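Starting off, we have a lone chain in the form predicted on its own, written out as structure tokens.
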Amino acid sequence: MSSLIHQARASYAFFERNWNLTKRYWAWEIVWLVYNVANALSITFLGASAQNWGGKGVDTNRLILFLLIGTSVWSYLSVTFEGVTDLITIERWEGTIEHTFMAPISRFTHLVGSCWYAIAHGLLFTFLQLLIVGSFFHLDLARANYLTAIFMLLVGSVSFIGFGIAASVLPLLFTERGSQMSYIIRALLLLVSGVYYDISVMPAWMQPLAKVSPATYVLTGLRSGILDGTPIWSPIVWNSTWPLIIIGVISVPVGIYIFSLAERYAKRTGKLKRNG
């Protein structure tokens, strides 16, 4: 029991450390918030102008919400990914990564603390974005089921974290370009997950790829809850929930295993000594 309490405290210590790093680089938080808000507005304004392009009879409110949910999930996925991968990069900048790896705690404890902070940070960031972007439109949310929306985000977070841990191997092994290389994984998820469109419009050979992306199921459940007011216990939501549970159960252990292999390789080859 005492060992469990020690690991929990150590995990919280990483949570608190990451919060202090966020406060230290607060200007970057504002930069990314402004960037994500501008990007989300540019996408949702496309939905608002659909009728001007001859789309008579288009439910503009539903289209705007469809795109707004997509931009929000994309921002949440990006912030969560960065919350894991960028911390490796920051530790390289600060020259503390070797000390972190030498600390007498398990790598699981280290990554869990960092990941829970990434989730909390991502939820707060996404909420602020939704609040700002939503103020530009007169949206009808009378049918929205917010409980379903929160539930889908929390369940999907575990799967996102598994992918994020695996992606954090790139900045660990490739000092100069590793963080940018992790964008490839995010870009692929953006492409196949139906963030801004229904996956049925993709070529037939691409559609099976959507089934391995957790973002696909999060988007389906969120849109069902927000647009149609679907409750958590509905079969529609459950059909999106159980794949997320399976992906999370598989991706998190696999991600930690991949990270441990990369850590041992980096220590053996001296890659941890490279800062900058």
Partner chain sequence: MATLDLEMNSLLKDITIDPANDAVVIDGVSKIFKKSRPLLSRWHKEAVEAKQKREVRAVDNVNLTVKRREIVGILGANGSGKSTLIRMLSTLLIPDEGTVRIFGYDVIKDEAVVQKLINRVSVEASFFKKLSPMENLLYAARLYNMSGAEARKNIREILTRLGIKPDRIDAPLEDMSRGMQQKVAIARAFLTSPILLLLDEPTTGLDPRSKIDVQTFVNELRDVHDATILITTHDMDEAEALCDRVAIIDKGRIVAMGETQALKRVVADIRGQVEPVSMNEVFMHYTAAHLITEEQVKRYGSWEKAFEALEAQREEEE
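It should be emphasised that the depicted structure is a prediction, and the values quoted were computed from it without experimental measurement. Positions refer to the first chain, counted from 1.
Separately, the form predicted together with the partner chain exists; it is not shown, and the next lines address it.
Partner contacts here mean any heavy atom within 4.5 Å of the partner chain in the model of the complex, and among 132 to 140, 201 to 209, 156 to 164, 102 to 110 they occur only in 102 to 110. Using a 4.5 angstroms limit between non-hydrogen atoms, Tyr25 touches the partner chain in the model of the complex. The closest non-hydrogen atom of Ile90 lies within 4.5 Å of the partner chain in the model of the complex.
At a distance threshold of 4.5 angstroms between non-hydrogen atoms, Ala10 is in contact with the partner chain in the model of the complex. Within this chain, Thr96 lines the site of the partner chain in the model of the complex, having a heavy atom no more than 4.5 Å away.
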